[in-house]
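A single chain comes next, written as structure tokens; it is the form predicted on its own.
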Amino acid sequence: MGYTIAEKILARVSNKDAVKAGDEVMAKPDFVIAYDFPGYTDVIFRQMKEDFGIDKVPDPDRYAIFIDHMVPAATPKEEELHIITRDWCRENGVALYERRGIGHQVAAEVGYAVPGAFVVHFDGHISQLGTFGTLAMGIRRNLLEAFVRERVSIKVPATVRVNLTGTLQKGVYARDVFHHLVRTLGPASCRFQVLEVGGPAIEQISTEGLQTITGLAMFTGAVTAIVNPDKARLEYAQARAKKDIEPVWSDDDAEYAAVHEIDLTDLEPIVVIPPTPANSRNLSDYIGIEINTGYLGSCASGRLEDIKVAAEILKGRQVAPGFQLNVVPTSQEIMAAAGRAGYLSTLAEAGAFVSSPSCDYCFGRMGTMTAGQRAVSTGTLNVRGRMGSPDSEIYLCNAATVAATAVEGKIADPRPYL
């Protein structure tokens, strides 16, 4: 019996010839990544010193911190947190990435998405590094262990394999594929397991689209998601890689907890209705609902192909009167590319508010809503209060739907615009 890609990676970082799902191992992460946030990194930094007597982390090249929330700072207290983070990184010799964009995306751009690597983070959306064959887990409060010990205790998770088949129709994007996957398998279908995505249909999905799918994996209950890397994704990742690690792939006879086949041929655009990311519906059933604001951005869907399709829809058109469209590229690298392509000027001329990369629109610190308002969003969550008032509503959808809705001021099908 062969091994999954996740088992192979965890065997290497545990100094074992092989591990199987269910084994308990002490694994040394290749990289420990975090973003600064009140009550999180500042607490970890204090606990390291006061509770564990650690003044400096050993092997600082294994660590990286991203300042991507509260950017720019709006209060003195927020800036104080950033100062704590900058000081800690300088004192420890740890890499700090500030104002480069949302860390989950920037981590891939600057070389932490190393094929075959094991990465841990506080936040589960780091799973999008799995696009490049990296095993990246959000381990929440257990991240403290990764800061104070060389190794973390891990129970090797089983893997659920999803094979995507069929042909994607025009106007259907990776975002729709993921939400259909949740609708088909259920929001707890991969609980405490690895979601491995494959099958012939992924050849129709771009690297950016796969980042969307792997980045949202937590909404199947998965601890992470991963894709066996192909030539194009290896070339992207290895050209930037901060470590030289041999890539691995799942064996043909690997043992999975479950294998699912999902045919995408008849898939329509999806909308996820409030108040839970489990509520995937066909967009066509919700056309015409009045909407106040649109958000195109986040670590899930603010990449170049998302901005491109929005610009194509809005070119020569105007955002509906009273509608607030916020476009927030996921990183500075993406924003610069969108500028060179002319997408940002097209969006601005259509009436969009184009902002610099930041996590803050996704959780309502910016572009917040009041009671009774509704948004279409490419953000990560649609739970009550995520973007402001608990009495506002968020409809998750693809970037094309956000753009079409901005034109009409109500939920709109993007396909007639394409």
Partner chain sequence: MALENLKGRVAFIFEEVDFDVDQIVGVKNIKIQDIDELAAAAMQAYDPAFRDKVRPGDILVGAGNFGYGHPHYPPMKAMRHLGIAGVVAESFSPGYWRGEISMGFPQASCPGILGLVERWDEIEVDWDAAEVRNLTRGGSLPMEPLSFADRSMLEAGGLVGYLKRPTAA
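Positions refer to the first chain, counted from 1. All of these numbers come straight from a predicted model, not from anything done at the bench.
Omitted here: the form predicted in complex with the partner chain. The next part is about that form.
Chemist: Answer with one of 137, 334, 162, 309: the residue that has a non-hydrogen atom within 4.5 Å of the partner chain in the predicted complex.
Modeler: None of the other options qualify; the answer is 137.
Chemist: Counting any non-hydrogen atom inside 4.5 Å, which residue from 340, 141, 90, 170 sits next to the partner chain in the predicted complex?
Modeler: The residue in contact is 141.
Chemist: Mark residue 60 yes when one of its heavy atoms lies within 4.5 Å of a heavy atom of the partner chain in the predicted complex, and no otherwise.
Modeler: Close contact is absent here: in the predicted complex, residue 60 is far from the partner chain, nothing within 4.5 Å, heavy atoms only.
Chemist: Wondering, does residue 221 line up within 4.5 Å of the partner chain in the predicted complex on heavy atoms?
Modeler: Answer yes; at least one heavy atom of residue 221 falls within 4.5 Å of the partner chain in the predicted complex.
Chemist: Are any of the heavy atoms in residue 153 no more than 4.5 Å from a heavy atom of the partner chain in the predicted complex?
Modeler: Within the cut-off, so yes.
Chemist: Does any heavy atom of residue 381 come within 4.5 Å of a heavy atom of the partner chain in the predicted complex?
Modeler: Contact with the partner chain, yes.
Chemist: Given that the partner is absent here, state which listed stretch (60 to 68, 366 to 374, 381 to 389, 345 to 353) has heavy atoms within 4.5 Å of the partner chain in the predicted complex.
Modeler: The contacting stretch is 381 to 389.
Chemist: Can you confirm whether 24, 52 and 192, the three residues that make up this candidate site, all sit within 4.5 Å of the partner chain in the predicted complex, judged by heavy atoms?
Modeler: Heavy-atom distance to the partner chain in the predicted complex: all three under 4.5 Å.
Chemist: Can you tell me which residues in 264 to 280 come within 4.5 angstroms of the partner chain in the predicted complex, by heavy atoms?
Modeler: Going through 264 to 280 in order - heavy atoms within 4.5 Å of the partner chain in the predicted complex - the hits are 276, 277, 278.
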